[in-house]
Ligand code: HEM
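One chain is shown next in structure tokens, namely the form predicted on its own.
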């Protein structure tokens, strides 16, 4: 998730102090320093999420030749991205008769072509313990993943909508005030009566 940073999770997932601890547990390549060399340092809140692969070649090798996509904007970049990801997570099946699946590929009814290089990430129920006692089913975990990816695509979505609501409210109040002022200033001109009388010679 290249577009998501540790700071985006502050007060949404964990408090700032805890997020700093998590960020500092990762080594980040930075630089160059005064000597022109790259160096590693503990991560900070402004750093992006670390990639699980050092480069694209290793990512392809670990995923059967397919480069994993950047999921930070996937829900908004793909048409009906939310529904697609939810269906994809739950669409793993045994291949039907007549379809051969080579090693390293898996059959998914919702993936274009039917064969995908990613194994099922939700292979069984009970992978997560919910604090509120929510049953941990595959569909519940898929829903949580989709909701997180939707939030990751636009972390400032709620704040943006709130600012827009405030702006629309201010414009409405301003329109009312301007309308009242316009009416009070021009009411005398718009309602006056001018009579013309014939001049007496």
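None of these values were measured; they are calculated from a predicted model. Positions refer to the first chain, counted from 1.
Unshown form predicted together with the named molecule; subsequent notes refer to it.
**Message:** in the predicted complex, does each of 9, 13 and 23 have a heavy atom within 4.5 Å of the named molecule?
**Reply:** No residue of the spot touches the named molecule in the predicted complex.
**Request:** Although the named molecule is absent from this view, report whether residue 117 comes within 4.5 Å of it in the predicted complex, heavy atoms only.
**Result:** Flag for residue 117 set to yes.
**Asked** Is residue 149 close enough to touch the named molecule in the predicted complex, meaning at least one heavy atom pair within 4.5 Å?
**Response** Yes - in the predicted complex, heavy atoms of residue 149 and the named molecule come within 4.5 Å of each other.
**Asked** Any of the heavy atoms of residue 93 lying within 4.5 Å of the named molecule in the predicted complex?
**Response** No.
**Request:** State yes or no: in the predicted complex, is some non-hydrogen atom of residue 113 no more than 4.5 angstroms from a non-hydrogen atom of the named molecule?
**Result:** Residue 113: no contact with the named molecule in the predicted complex.
**Message:** If the cut-off is 4.5 angstroms on heavy atoms, which of these, 33, 175, 55, 67, is the one near the named molecule in the predicted complex?
**Reply:** Among 33, 175, 55, 67, a heavy atom within 4.5 Å of the named molecule in the predicted complex occurs only for 67.
**Request:** Would you give me the residues of 65-88 that have any heavy atom within 4.5 Å of the named molecule in the predicted complex, in order from first to last?
**Result:** Result: 66, 67, 68, 69, 71, 74, 78, 84, 85, 88.
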